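The chain below stands alone, shown as structure tokens; this is the form predicted on its own.
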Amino acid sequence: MAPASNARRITTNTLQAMKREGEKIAMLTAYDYSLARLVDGAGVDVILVGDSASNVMAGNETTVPITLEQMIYHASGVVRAAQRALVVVDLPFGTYQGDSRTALESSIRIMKESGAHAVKLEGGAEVGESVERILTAGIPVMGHLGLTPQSIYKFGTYTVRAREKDEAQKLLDDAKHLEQAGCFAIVLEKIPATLAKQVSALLSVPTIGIGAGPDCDGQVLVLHDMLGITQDFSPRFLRRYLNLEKDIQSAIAQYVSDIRDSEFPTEQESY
């Protein structure tokens, strides 16, 4: 059942209370008003305006090309639609790495120009200074560890991260560092389920898994993937709840056929 339109807004405190009470957090991406309205109305707790918009909305091979201005554009529509969910916006590649001042300026632009509620960035101890500086402006920050898509050219592959002992220990250390720096939650992407369980138990802030097993405090998927709008991405962790690619193409083909055969519009559909 969809929540009432006057349902109380989810906040970072709500998410931390959900972790304490053992209530799982539901998170999905959205990039426009129309779909964000449906996501919000279905009861999703957190809407991520992900830099995955670079892939599913713009058709880029990676998340790297999307700009700050484009992220603000997508976020603005989502914020106008979301009555209940916490709206988190990805800081795109090049807007926070290596320069905490730029990270702060980028985050302020997102918050002021889109009306979003929080930002998300990728990385561990190396972005700790940026996290702390963003927080000085009162902007909540979500972390992201494991497979970090903005670093794909560094990794060279989308395979599972932190299988080896040294990388697993670094991820544990980074997770604790991000918590101590002030992150209100951390996304764990494509890491062994046993490690994700360990991280989730270690932290007092929620973990949100994507390809990280069932023991995270919540889960996130890309909306277009789970609805089956996109079909060229099929990792093990993706569950498709619909096959909209087939349904949408079928509907459009029928529309074209009706026009060709002069069956649309009918007299009842005319003025």
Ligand code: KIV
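The numbering used is simple: start at 1 and walk along the sequence shown. All of these numbers come straight from a predicted model, not from anything done at the bench.
Missing here is the form predicted together with the named molecule; even so, the following discussion is about that form.
In plain terms, the part of the chain that comes close to the named molecule in the predicted bound form, with a heavy atom within 4.5 Å, is 51-59 out of 198-206, 51-59, 36-44, 238-246. The named molecule is not drawn, but in the predicted bound form it has no heavy atom within 4.5 Å of Ala212. Put simply, Cys216 is far from the named molecule in the predicted bound form: not one heavy atom of it is within 4.5 Å. Proximity of Val187 to the named molecule in the predicted bound form falls within the 4.5 Å heavy atom cutoff.
Although the partner is absent here, Arg133 sits far enough away that none of its heavy atoms falls within 4.5 Å of the named molecule in the predicted bound form. When the named molecule is considered in the predicted bound form, only one residue from His117, His177, Arg84, Lys120 comes within 4.5 Å through any heavy atom, namely Lys120. Using a 4.5 Å cut-off on any heavy atom, the one residue of 126-149 that reaches the named molecule in the predicted bound form is His144.
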